[in-house]
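Quick heads-up: the structure tokens below are two forms of one chain, split into structure 1 and structure 2.
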Structure 1
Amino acid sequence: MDGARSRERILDAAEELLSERGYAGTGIAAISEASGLPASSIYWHFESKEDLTAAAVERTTERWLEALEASEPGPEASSDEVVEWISQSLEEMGRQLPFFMRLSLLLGLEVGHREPALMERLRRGRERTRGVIRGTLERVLGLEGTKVDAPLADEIARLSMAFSEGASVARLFEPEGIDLARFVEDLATGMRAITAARQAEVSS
């Protein structure tokens, strides 16, 4: 009866199952059971499994970026506040790991090379995430009295993302392996050192 609500329920189920079992491992029957709606309803709302997957990725990405941007520190934020922000983002990432990160990683690895459109979607999500991080870094590193040009800010943002994502993967295999608070400190220390080294290199 309520089509919009049904669509959301299907997306909820798809998001959860896809991020847990991957594309090939998630059957329409499983999504049907998890959402409580028959397969025909799924195919009324979505063209195909591929289409449903794309919609789930889209929604998950949008939610993740919303949460990320909402927590973004203001333009007057201190360096410590940014460290705090990164920490919170990572926790948010940790909470959304079954949805955003697992979905990106799993689908990117599994079907990325076979479905360029899906891969492009995932890539854009990553780019936008990097954009948010870069923007904050530029403002904050600028506030500290050092001049950071755009390419360097982009590189540091890339490295920060890689570092964080690697930590999330490590936590997947060993949930107790990485202390998140310590990790964020180390991330800040490392990125500051790399920024300093790169700037010294340019000016010499």
Structure 2
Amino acid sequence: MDGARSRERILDAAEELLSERGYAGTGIAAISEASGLPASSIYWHFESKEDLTAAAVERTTERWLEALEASEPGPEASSDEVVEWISQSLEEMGRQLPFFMRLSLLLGLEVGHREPALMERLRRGRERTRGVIRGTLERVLGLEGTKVDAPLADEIARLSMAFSEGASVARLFEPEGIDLARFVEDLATGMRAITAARQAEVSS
């Protein structure tokens, strides 16, 4: 098996185990067994469990961002279409909970400040995700060049991510009681209201 394929197998196993057991409950021996590769192969690709964990989160983040950017609306899109894009993206994020939101959320809550290097890499993934959403808002909503473009876009991007994380956690406890589609619809209403209010401030 070539190096690239073995690395992907290791990451696949690590993602699944980390999302099920958390950081403390996932050891190199378990990843070795799940991937079918010896521990020596894991350490050949990754310096430590922390390095492997960060790489697994980064891969899930990159996959999510690739899908997000591929579906991004063009510059001719209306504000409502942009809001709809964000809403659909968040709903899709909810469907990918085990390998994206759940993994990064659980790891962030579990490791806290005990693994500063890992936490920093988790933060970078969040910043990249927020940056994609913010950049689209700045471009597509026609806010570039105004005095409130960056604050408005960042505000909505942060709201979107906070909403998605909160709804995803709630679904862990109430899988049948959380209507994600309705939540997304409510978020879209809020985003439209915020956008309209800020644009009115600029034009006044």
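Here, residue number means position along structure 1's sequence, counting from 1. What we label the rigid core is the largest C-alpha set whose atoms superpose within 1.5 Å from one form to the other. Model, not experiment: these values are computed from the prediction.
Legend: structure 1 corresponds to the form predicted together with another copy of the chain, while structure 2 does not. In the core-superposed comparison between the two structures, the C-alpha atom of residue 162 has shifted by less than 2 angstroms. Lined up on the core, residue 196 has its CA atom moved by 3.9 Å between the two structures.
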